[in-house]
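Quick setup: one chain, the form predicted on its own, written in structure tokens, and binding and motion questions come after.
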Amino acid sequence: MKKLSYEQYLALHNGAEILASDSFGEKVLRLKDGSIIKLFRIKRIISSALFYPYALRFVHNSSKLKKIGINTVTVINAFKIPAIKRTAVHYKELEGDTLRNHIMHHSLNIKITQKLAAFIARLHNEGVYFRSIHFGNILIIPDNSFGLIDIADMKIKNYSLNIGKRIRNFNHLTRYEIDKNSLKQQKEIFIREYLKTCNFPHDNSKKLEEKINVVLS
């Protein structure tokens, strides 16, 4: 990661639009050129982020996703900013609309449900365990495929996820009632398409189907 002085950070920050903040300060900025800066703080005194900062995880996950053909943001650089006790990632925004916003304006129709189920199954088949997965972090991009944003909290294995990991990830996917309620309306279609794309053997797929059905109920 490149180390930024406070003066360099201020120069980068100059004219930026604040997209997200919390009680600890700014979290996401849009710079004058349209690119994005996402800031990370260490939340605990003892944390793995001390040794493997979230900014670096973001960079590595972007690279891994692109290698397996999953749409995501394009990283420009990663920074360590000691003066504000933050690390940061600088990236080009992925063009598209969040799935949540799309559903609010167009509803979750059968075609989108089928494509979403196949997309989630593909992520799981590819070993992608995305803890921050929800309809606000899944984008429908202009070619009508899906992409992922806010990708720091992710692990990508070189083998497909087991049933336990898949079900835990479905719990992440449906953590917000607004997302879960949308899926419940298309539950049977979603589960059928997910299982069709899923690389599970038939004798295990029934158990997986039952567990997904419970999560979406």
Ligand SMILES: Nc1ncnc2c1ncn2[C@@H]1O[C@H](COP(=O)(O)OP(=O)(O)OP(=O)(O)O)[C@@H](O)[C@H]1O
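The numbering used is simple: start at 1 and walk along the sequence shown. For clarity, every value in this text was computed on a predicted model and none was experimentally measured.
Same protein, other form: the form predicted together with the named molecule, not shown, and the subject of what follows.
Enquirer: Which of these residues, 125, 98, 77, 71, gets a heavy atom within 4.5 Å of the named molecule in the predicted bound form?
Expert: Exactly one residue meets the criterion: 98.
Enquirer: To verify the annotation, which of these, 36, 42, 163, 191, has a non-hydrogen atom within 4.5 Å of the named molecule in the predicted bound form?
Expert: Checked against the cut-off, the match is 36.
Enquirer: Is it the case that residue 27, even though its partner is missing from this view, gets within 4.5 Å of the named molecule in the predicted bound form, heavy atoms only?
Expert: Result yes; residue 27 sits at the interface with the named molecule in the predicted bound form.
Enquirer: Is there a heavy atom of residue 143 lying 4.5 Å or less from a heavy atom of the named molecule in the predicted bound form?
Expert: Residue 143: no contact with the named molecule in the predicted bound form.
Enquirer: Do residue 137 and the named molecule come within 4.5 Å of each other in the predicted bound form, heavy atoms counted?
Expert: Close contact exists here: in the predicted bound form, residue 137 approaches the named molecule to within 4.5 Å, heavy atoms only.
Enquirer: Is there a heavy atom of residue 94 no more than 4.5 Å from a heavy atom of the named molecule in the predicted bound form?
Expert: Heavy-atom contact with the named molecule at 4.5 Å: present for residue 94.
Enquirer: Could you tell me which of 167-175, 61-69, 183-191, 144-152 sits within 4.5 Å of the named molecule in the predicted bound form, going by non-hydrogen atoms?
Expert: That would be stretch 144-152.
Enquirer: Going through 4-23, which residues have a heavy atom within 4.5 Å of the named molecule in the predicted bound form? Please give them in sequence order.
Expert: Contacts from 4-23: 19, 20.
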